[in-house]
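Here we start with a single chain on its own, the form predicted on its own, put down as structure tokens.
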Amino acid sequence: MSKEELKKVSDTKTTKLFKKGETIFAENEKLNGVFCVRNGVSKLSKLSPNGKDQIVKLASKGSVLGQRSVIVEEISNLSAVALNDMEACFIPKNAIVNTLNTNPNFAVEVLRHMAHDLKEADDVIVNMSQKTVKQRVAEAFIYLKNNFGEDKDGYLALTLSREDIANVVGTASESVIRIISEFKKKGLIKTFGKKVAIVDPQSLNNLAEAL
């Protein structure tokens, strides 16, 4: 974008705060703009026919939420819920669409961003079909460490409930609880309440990648 275009878009944005557990937007909702995450983490999920949530992405600082629905003018395919206290910028639909119509370079960048999201979705599908639940849980812990880091005590900085972990890897909460117990016995991880710390990252990674 040019400086003038950036200023026009910036002038339209508003800051929105979301508490942990608060819905940013719901599945099948008509969105009037996009959300840019400034702080915090959101889970993007889709409700399956059997009523179970499948988490398809964790969106953190710098992520844009709702752009596909706004650009193609469809209701939202996913819901977005804050996993912790969040701050996001809201940019109205008109500001996005006007810039798309007048700036080809911006349109190309948006397409690249959406193509990247599609690639991530493809990777999720492959993992679901080719990896065991145990491998997917191991991979989820590695992903959380690599993308969100650890706290001062060595535990994963982003704490997910056992249900959320199950919804990330596509299994039942009971299976996740059983696998976490097994990982602890093998010395791969340790836990403190809901918190998880990776003790043996190399062995956990070997497990995740073993096909």
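When you see a residue number, it is the position in the sequence shown, counting from 1. Just so we're clear, the structure is a prediction, and the values are computed from it rather than from any experiment.
Only in words, not in the display: the form predicted together with the DNA, which the text now covers.
The DNA in the model of the complex is approached by E163, whose closest heavy atom lies within 4.5 angstroms of it. By the criterion of a heavy atom within 4.5 Å, A157 is excluded from the residues contacting the DNA in the model of the complex.
The closest heavy atom approach of S181 to the DNA in the model of the complex falls within 4.5 Å.
Using a 4.5 angstroms threshold between heavy atoms, S175 counts as touching the DNA in the model of the complex. Note that among 62-70, 167-175, 28-36, 139-147, the stretch whose heavy atoms approach the DNA to within 4.5 Å in the model of the complex is 167-175.
When you look in the model of the complex, the only residue of C89, A107, V133, A95 with a non-hydrogen atom within 4.5 Å of the DNA is V133. For the stretch 28-66, the set of residues having any non-hydrogen atom within 4.5 angstroms of the DNA in the model of the complex comprises only K52.
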